[in-house]
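This text opens with one protein chain seen in two forms, each one given by itself as structure tokens under the names structure 1 and structure 2.
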Structure 1
Amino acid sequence: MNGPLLEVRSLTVSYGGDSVAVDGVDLVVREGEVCLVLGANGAGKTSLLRGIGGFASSEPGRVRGGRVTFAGADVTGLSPRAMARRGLVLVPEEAKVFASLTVDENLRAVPMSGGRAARRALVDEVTAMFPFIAERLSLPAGQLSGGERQLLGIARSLLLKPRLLMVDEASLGLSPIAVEMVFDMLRSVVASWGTTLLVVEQNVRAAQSISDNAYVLETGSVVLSGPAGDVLGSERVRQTYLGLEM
């Protein structure tokens, strides 16, 4: 079994004083696996990802306690830019794209490393993984559907060549067809690139087919964790999450 790539120990995240969103969470993601974080709205899932990946200077949240270790190094509290340089990249919910730029310009705007030829080759490699991108390179990103914008956000993140890609609510607000498209692409990322994934989701049915391990968050704390099949097959998860989707 591969060793831990990401280790989170007793992580506590708060907003504005004493408002605790994440309360002493422990989490481990091993190299090459897909780890799912499941929870209802307000459970602390997004705050957990931001606590791991770093808060932007414009965001009010902060890490109050605990430790984040990535690839053996203590990265607690580093900025998102510093995290990305180390290979840990976050795709936020409703992935942000530059609506007035074309799809191709959105891809070229990513601060990739290497020379011009190497950057162009990487864009071509990522484009080949996402057929819709090749068909829409000249289209303004603002004209894409919600699912297509999410895929463009994932594609942009891959240009940073992450070792660990954190994806926040990839299915949020999408039609069932778009959800299937997004998770098909995530499966392709794992199969083709061997990228480690930490996926936050409410849509259990969409996420369960690609997940190796799972954690369930409630009010900022982990209440259940283990192999994805065991966690997602538990009575608690079936009643609370699958029951809502039937």
Structure 2
Amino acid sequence: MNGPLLEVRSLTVSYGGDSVAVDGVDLVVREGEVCLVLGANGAGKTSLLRGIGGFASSEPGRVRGGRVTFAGADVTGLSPRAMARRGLVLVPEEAKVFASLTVDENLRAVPMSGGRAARRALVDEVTAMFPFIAERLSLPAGQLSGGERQLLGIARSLLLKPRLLMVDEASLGLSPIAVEMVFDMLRSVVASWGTTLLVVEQNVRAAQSISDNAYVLETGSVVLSGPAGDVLGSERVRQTYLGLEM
């Protein structure tokens, strides 16, 4: 494959009616890269990731226009399950785990590919990356702390052996220490597995250390993009995102 791993062209997402949540977004992610999406509340970050990863037919969201190419194939408008099977896996913004299932059941619910031995080995490898999992196996996931829930969501997605992992707000509602924990984990996934990442993150400080490229969304459109250092160093981002955190 010569082209980028993920190529999004003029993607438009709407939830019915005339308004669009994502309005003609272009975005490119190359294999092995970490790509960061920034934007204010309601800018369309979640809608962008959902538009790429697919909506279930029971949901109001639809891809209205544009094209999503993943690993050389046109995957526009495929179902979330079809995307996951192709290795394009989303860790969604809300409800990253099944609260009524135990930690162990959350992992067992993942339909992994490969033979029994390979599956066993992958589970062992992933649980070794998240030490809390082994201690909490029989606890309902709803009783985990917020950070542990985020991590369990990421662990679940890793069992699908993603080529591209999309994480929507990994630091949502977390303390600074928990945010650090989550990003350490993502960093080690990138380092040891070479997984390509597309992350939405409000916590710019936490995300900037691992990002190669960044996109800034405003009302559904990309207003700024480029190497993460340039974008995050720009006046606009410093004022809107970093300035507020000082």
Partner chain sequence: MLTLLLGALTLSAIYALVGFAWVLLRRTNGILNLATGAQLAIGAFIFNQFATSWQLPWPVVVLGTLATVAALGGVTHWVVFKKLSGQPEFALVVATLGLASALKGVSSLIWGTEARVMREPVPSQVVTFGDQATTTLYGLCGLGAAVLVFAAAHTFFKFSTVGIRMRAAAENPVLSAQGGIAVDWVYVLGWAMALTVAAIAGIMYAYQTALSFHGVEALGMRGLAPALIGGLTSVRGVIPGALIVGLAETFGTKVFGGSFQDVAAWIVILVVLLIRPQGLFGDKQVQRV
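Here the rigid core means the biggest group of C-alpha atoms that line up within 1.5 Å when the two forms are laid on top of each other. Note that this is a predicted model, so its numbers are computed, not measured. All residue numbers here follow the sequence of structure 1, with the first residue given the number 1.
One of the two isolated chains is the form predicted on its own, namely structure 1.
In this overlay on the rigid core, E135 has a C-alpha that sits 2 Å or more away from its partner position between the two structures.
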